[in-house]
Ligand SMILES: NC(=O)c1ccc[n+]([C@@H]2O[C@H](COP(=O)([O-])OP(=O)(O)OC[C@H]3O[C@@H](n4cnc5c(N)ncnc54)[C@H](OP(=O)(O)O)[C@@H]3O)[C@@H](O)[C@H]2O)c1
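Given as structure tokens, the chain that follows is alone and in the form predicted alone.
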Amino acid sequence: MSPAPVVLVTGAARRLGREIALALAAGGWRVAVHYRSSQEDAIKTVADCTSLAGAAAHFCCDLEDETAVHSLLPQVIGHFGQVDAVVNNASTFEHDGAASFSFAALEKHMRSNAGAAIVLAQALHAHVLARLAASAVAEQTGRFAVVNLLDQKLWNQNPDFFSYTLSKAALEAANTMLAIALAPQVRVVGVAPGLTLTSHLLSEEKFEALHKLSPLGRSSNPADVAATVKFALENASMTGTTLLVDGGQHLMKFERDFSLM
């Protein structure tokens, strides 16, 4: 009997990443929980995933550090013996605009939001090729996958969070290029949520009001996004595309980012 597949979820200690990790654990995946500084939260997520699937572990890595990112997948492989999928969920999300834009802000966002995701996809592909060459697994088209968390903001642009948006636009372009480059061994799929969770920038009342601003009268919730990530990982025919999970918010025009409305 084949062991349960292993997925690395970046930024899985808290918020949306945690919900994705729990949904995948409930679906039978073994979960590598990545975190940068939220160790206590990561330990709790691992415990909760373990209670669902029986196997999870946490791994610390600063995604802005290329050397550290290159070491992340080997650590996960060393622990579980394999990796079958990567969910690039972690994001740097710091405000700037056209007037306050700087090389430093752009580089910070590009490193963690685009560069790290590409390096992890590259590493997964190399790992899969090595496994196939060693006949450790039977070749099975569509089995291995990368899911990149994007943002409906890319289809409904405004100038807020300028560097963040540029980094996600770069990742969306990489989605297509990686899907071509890593085929047929690894699929690459984007998932773009709408307004999903509140933050310190929004009161609960404001969040609820903004969440309703969509053609369907509601944007995405964490369960919607997690279910879509699971679907993308397990649908063997899907690559080089993005699933927008936002209640249709990308169809509406917003002059400002939700957090600044």
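In case it trips you up, residue 1 is the first one in the sequence shown, and so on. Nothing here was measured: the structure is a model prediction, and the numbers come from that model.
We do not show the form predicted in complex with the ligand, though everything after this point is about it.
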State yes only if every one of 15, 90 and 194 has a non-hydrogen atom within 4.5 Å of the ligand in the model of the complex; otherwise state no. yes
With the ligand left out here, work out from 117-125, 175-183, 143-151, 97-105 which stretch has heavy atoms within 4.5 Å of it in the model of the complex. 143-151
Answer yes if any heavy atom of residue 228 is within 4.5 Å of a heavy atom of the ligand in the model of the complex; otherwise answer no. no
Report whether the minimum heavy atom distance between residue 29 and the ligand in the model of the complex is within 4.5 Å. no
Residue contact check: residue 224 to the ligand in the model of the complex, 4.5 Å heavy atom: no
Check whether residue 112 has any heavy atom within 4.5 Å of a heavy atom of the ligand in the model of the complex, and answer yes or no. yes
